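First, one chain by itself: the form predicted alone, in structure tokens.
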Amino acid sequence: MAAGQQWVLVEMVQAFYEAPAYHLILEGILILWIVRLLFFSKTYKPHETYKLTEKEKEDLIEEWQPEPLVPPVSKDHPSLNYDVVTGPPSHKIIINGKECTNFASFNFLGLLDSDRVKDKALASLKKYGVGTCGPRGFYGTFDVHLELESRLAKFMRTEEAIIYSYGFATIASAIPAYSKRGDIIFVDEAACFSIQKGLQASRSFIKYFKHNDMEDLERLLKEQELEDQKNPRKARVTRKFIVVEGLYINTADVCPLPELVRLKYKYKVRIFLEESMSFGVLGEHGKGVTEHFGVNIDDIDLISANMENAVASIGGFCCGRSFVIDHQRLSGQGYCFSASLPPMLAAAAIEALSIMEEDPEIFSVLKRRCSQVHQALQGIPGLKLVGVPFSPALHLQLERSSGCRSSDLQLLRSIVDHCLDRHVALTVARYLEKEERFVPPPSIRVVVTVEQTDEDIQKAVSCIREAASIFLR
């Protein structure tokens, strides 16, 4: 036993002599560090604290003021002072008891006034009741939901469609259903607020490119391609998406879809297209920006739109290939956890689709009206028109800002109020300024519908010109 221990000691000494110098230095440093910790480190001794008397405690409690739960808001804030509507927000709308011509509601095709749509909704109300009281997976799937999904897929010429009960939640649910932490999303900086909420929920890495600037987008894609070459293993498991709007609600211009498709195939990314403003508006048959540009709809990985504008109902939908859409039935938060769309609204949307299919001329009428309004709004002193001629929701911005956003908003609100007094309903575009990634400039939004007549347009433009001459001297 003693001989064995002696032999082990000899081996240790021999190993010590044969060890490289850096190894010995490292071990020496570790030994010194352990000695320091054991014998020279100072033990923590809490400082003696002064004990407060009961009176001092009471005085401190009385002096303490908690921070407000929310920041103070003035009672004159526009969001706290509503213009109250009585009756349907159709071509003629009653605001604060005054009948006005409607240039504010997104009733692009005038289907809110359709007797056919109303009759179908009323019949459905009598058959199914008002609501559903359950998500789609928990006895919230009605036959009209399946029919609407089938009709939407057929109308858009895609394999499948899925409907949501809330338009805002549609794209906000679809994005995080596919893009997760570690994935990369390239998004236009003018993207609407619902897209921004979807990006936030996805927890993906977001790269913004300048609005409709394909050179800036390609620069970002090239930079990412170089990063992927450095780490191909990570690149293989990282999904990459481009998210854009077909017709931007904040800028009233159209995305350059053919160029986006070219970049998609060149850099191997997926495209998500939000078409709430272009569905039922652009294209010969109202199919949206893909039909407008003649792009094959199969080149787009996912199309999303709400049914609250042209279709004049509530909710939204996504359409695309079956395996893409089916994934949302398991992962789309707004689909899985919200009560399903009320059957009467689904029935109304089905009838609206039927009207759109039977009367494609309605899209040509809307396009002519948009061009007419766009031409009429040109050259108003003090105001700058923003948007393409075929957009049904245009923006009027101040040519010269005062430098203060609240002052600019007040000026625009004065113009809107002036028009309202003369029975023309307009609206100031509003944004959650503290939440928006890029806050658009203040503007008056002018909405075009097929129901507006030449006299309506002439009167509205005259009121805006008159107000501008008064308030923007």
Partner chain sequence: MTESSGSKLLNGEACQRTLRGKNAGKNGFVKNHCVFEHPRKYRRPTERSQNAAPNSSLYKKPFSESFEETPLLVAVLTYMGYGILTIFGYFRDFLRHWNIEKCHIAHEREQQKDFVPLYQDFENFYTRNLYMRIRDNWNRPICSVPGAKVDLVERVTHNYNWTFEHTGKVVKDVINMGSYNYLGFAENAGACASAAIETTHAYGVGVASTRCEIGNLDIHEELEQLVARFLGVESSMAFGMGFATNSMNIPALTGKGCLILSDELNHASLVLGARLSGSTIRVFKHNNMQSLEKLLRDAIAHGQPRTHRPWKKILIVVEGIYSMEGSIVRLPEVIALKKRYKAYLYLDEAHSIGALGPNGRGVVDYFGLDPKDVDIMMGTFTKSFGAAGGYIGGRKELIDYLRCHSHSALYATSMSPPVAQQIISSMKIIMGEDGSTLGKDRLRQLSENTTYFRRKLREMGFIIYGNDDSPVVPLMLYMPAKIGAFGREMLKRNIGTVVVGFPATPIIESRARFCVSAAHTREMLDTVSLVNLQTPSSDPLHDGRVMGVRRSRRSNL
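Under this definition, the rigid core comprises the largest set of C-alpha atoms superposing within 1.5 Å between the forms. Positions refer to the first chain, counted from 1. The structure displayed is predicted, hence computed values, not measured ones.
Although it is not shown, the form predicted together with the partner chain is what the next lines describe.
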Counting only heavy atoms and a 4.5 Å cut-off, does the partner chain in the predicted bound form sit next to every one of Gly334, Pro342 and Val428? yes
Hey, in the predicted bound form, is Ala201 touching the partner chain, heavy atoms inside 4.5 Å? yes
Can you tell me whether Lys230 touches the partner chain? I mean in the predicted bound form, with a 4.5 angstroms heavy atom cut-off. no
is_contact(Arg36, the partner chain) in the predicted bound form, heavy atom dist at most 4.5 Å: no
The partner chain contact at Arg136 in the predicted bound form, heavy atom, 4.5 Å: yes
Options 355 to 363, 159 to 167, 252 to 260, 375 to 383; stretch whose heavy atom lies within 4.5 Å of the partner chain in the predicted bound form: 159 to 167
Quick one: from Gly87, Gly97, Gly403, Gly294, grab the residue that has a heavy atom within 4.5 Å of the partner chain in the predicted bound form. Gly87
The partner chain in the predicted bound form has a heavy atom of only one listed residue within 4.5 Å, and of Ile314, Ile184, Leu394, Ala190 that residue is Ile314
Check each residue of 296 to 322 against the partner chain in the predicted bound form and list those with a heavy atom within 4.5 Å, in sequence order. Asn296, Asp298, Asp299, Asp301, Glu308, Ala312, Ser313, Ile314, Arg321, Ser322
Would you say Arg430 moves between the shown form and the other one, meaning its CA shifts by 2 Å or more once the core is fitted? no
I want to check Cys404: does it shift between the shown form and the other one by 2 Å or more at the Cα, with the core superposed? no
Checking Asp421 here: with the core superposed, does its CA move 2 Å or more between the shown form and the other one? no
